[in-house]
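Shown here is one chain on its own, the form predicted on its own, set out as structure tokens.
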Amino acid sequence: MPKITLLIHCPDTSGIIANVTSFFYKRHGNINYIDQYVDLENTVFFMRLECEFTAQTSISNTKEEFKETVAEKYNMSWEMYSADAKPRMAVFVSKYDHCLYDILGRYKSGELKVSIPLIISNHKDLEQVAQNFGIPFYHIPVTANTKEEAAEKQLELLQKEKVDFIVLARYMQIIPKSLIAAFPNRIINIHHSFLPAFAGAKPYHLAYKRGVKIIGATSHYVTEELDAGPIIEQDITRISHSHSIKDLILKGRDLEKIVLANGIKYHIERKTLVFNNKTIVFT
């Protein structure tokens, strides 16, 4: 039977939960998950709901009825997704391979419930990796003089393949505004958590010189402001004086893989809501 996931945010007022749950009850819906949160400072209500229908139901008709009977009444921003639909995920890479191998391994094992129609890179280094996993690889060089042209080619490919969201698996280029506008809150990036204190090409070397006691990684949605988008997931590990620069790099890469994978899962499972450059993550 059909299953849906519903995400809502709207001005907080009484009766929202009762009206939403009543809507699904009247349509033979069995709610097997519901969570809500109220931002008291901004008086905004957030909800995530999973429902399985006990009778054959049209998802498109359910969406229209929900809009007319509930959503408009409460001035909701909302999305209703079929739980059976697999999002189409594009992966962008450069030369680092640790996040790509991790993503593709989880994908092949069925851990990531997505389809991956293509991998795009500004270098050819990881083409063989894509071939090993049977995924089309597109090399689109990016230089100071070809950024706009490259962005047009990327967007054309993404639209042709009907991509739902993008993962930057250590893609070492600034994402153009046109791509961000086409995929708002649908581009996921990963970086070490030393920013902005240890920005640059060798953050682990800088951190080592300062004698850091923890290192971390952050996955976030991409916005026009570099590395300042809504944060999805973070994690840290402790460091001592006995760790070398190589140790820091290896530990950092392990964190990047785990944090990026978790960020992707939350997005796939429709567990993230973005509001005012901040995420509500229903875990």
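We call the rigid core whatever largest set of C-alpha positions still superposes within 1.5 Å between the two forms. Residues carry their position along the shown sequence, with the first being 1. Remember, it's a predicted structure, so these values are computed and weren't measured experimentally.
Below: the form predicted together with another copy of the chain, not depicted.
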In the predicted bound form, does each of Arg27, Ile59 and Phe165 have a heavy atom within 4.5 Å of another copy of the chain? no
For the chain shown here without its partner, which stretch in 206 to 214, 142 to 150, 84 to 92, 182 to 190 has non-hydrogen atoms within 4.5 angstroms of another copy of the chain in the predicted bound form? 206 to 214
4.5 Å heavy atom contact, Gln159 and another copy of the chain in the predicted bound form: no
Taking another copy of the chain as it sits in the predicted bound form, is Ile34 in contact with it (heavy atom to heavy atom, 4.5 Å or less)? yes
How about Thr279: is it within 4.5 Å of another copy of the chain in the predicted bound form, going by heavy atoms? yes
At the 4.5 Å heavy atom threshold, is Phe137 in contact with another copy of the chain in the predicted bound form? no
Given a 4.5 Å distance limit between heavy atoms, list every residue of 245 to 262 close to another copy of the chain in the predicted bound form, or none if there are none. Leu250, Arg253, Asp254, Lys257, Ile258
For Lys246, is the C-alpha shift between this form and the one not shown 2 Å or more after core superposition? yes
